[in-house]
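There is one chain below, alone, in structure tokens, taken in the form predicted on its own.
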Amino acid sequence: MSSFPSSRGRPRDPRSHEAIISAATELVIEVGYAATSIGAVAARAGVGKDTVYRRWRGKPELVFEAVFTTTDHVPAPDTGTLAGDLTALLRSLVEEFHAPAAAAALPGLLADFAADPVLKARIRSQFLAPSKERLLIVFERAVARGEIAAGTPVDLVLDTLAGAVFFHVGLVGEHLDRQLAGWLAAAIAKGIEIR
């Protein structure tokens, strides 16, 4: 779970968490990011607004988690090659960015991130950590196989992968192409391979 750490007191009900995440996703698709509110999410989820605010600081964190962390609990792929592992990671990322909720949420989230550097830093450090962890595992295996050097900059590669998918699918709005993940993975793997 990517939401903020819980405070002391009564244990949280995972059903409430799932109901809130589902409600946020549905509302973003139905009414858009700007019209989605914590109150509307809480009402649809059948919880109080305080329940939502105990888990997320605000709408951007909630929507980001609901829309862009769907693959956080998927284990790191192990296909036997860096290109294969990156392809598997990128397929999930392409599907996530191509989802209707992502298309509806992205412009508003980007505006919120641009307006609030603290929010942007929080998203990067707390919500992107699972993606970075999976990429670290993939890189460790690639280093052990002799495919890349040990000092390969994980953050830069993660930004490059996500940036390419974001631009191609999220910003430009290209149709989903089954070969996109493979093409991007091959380009990145070739670019960071040991020569």
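Quick note: we count residues from 1 along the sequence shown, nothing fancier. Keep in mind the model is a prediction, meaning the values are calculated, not measured.
This protein has a second form, the form predicted together with another copy of the chain, left out of what is shown; the following refers to that one.
- In the predicted bound form, none of the heavy atoms of I29 sits within 4.5 Å of a heavy atom of another copy of the chain.
- Within 4.5 Å of any heavy atom of another copy of the chain in the predicted bound form lies no heavy atom of E18.
- Although the partner is absent from this view, P60 stays clear of another copy of the chain in the predicted bound form, with no non-hydrogen atom inside 4.5 angstroms.
- Residue contact check for A23: none of its heavy atoms lie within 4.5 Å of another copy of the chain in the predicted bound form.
- No member of the trio A40, L90 and A102 reaches another copy of the chain in the predicted bound form with any non-hydrogen atom inside 4.5 Å.
- Listed stretches are 46-54, 129-137, 60-68, 153-161; the contact stretch with another copy of the chain in the predicted bound form is 153-161, by a heavy atom cutoff of 4.5 Å.
- Contact annotation for 98-120: residues with any non-hydrogen atom within 4.5 angstroms of another copy of the chain in the predicted bound form are P107, G108, L110, A111, A114, K120, listed in sequence order.
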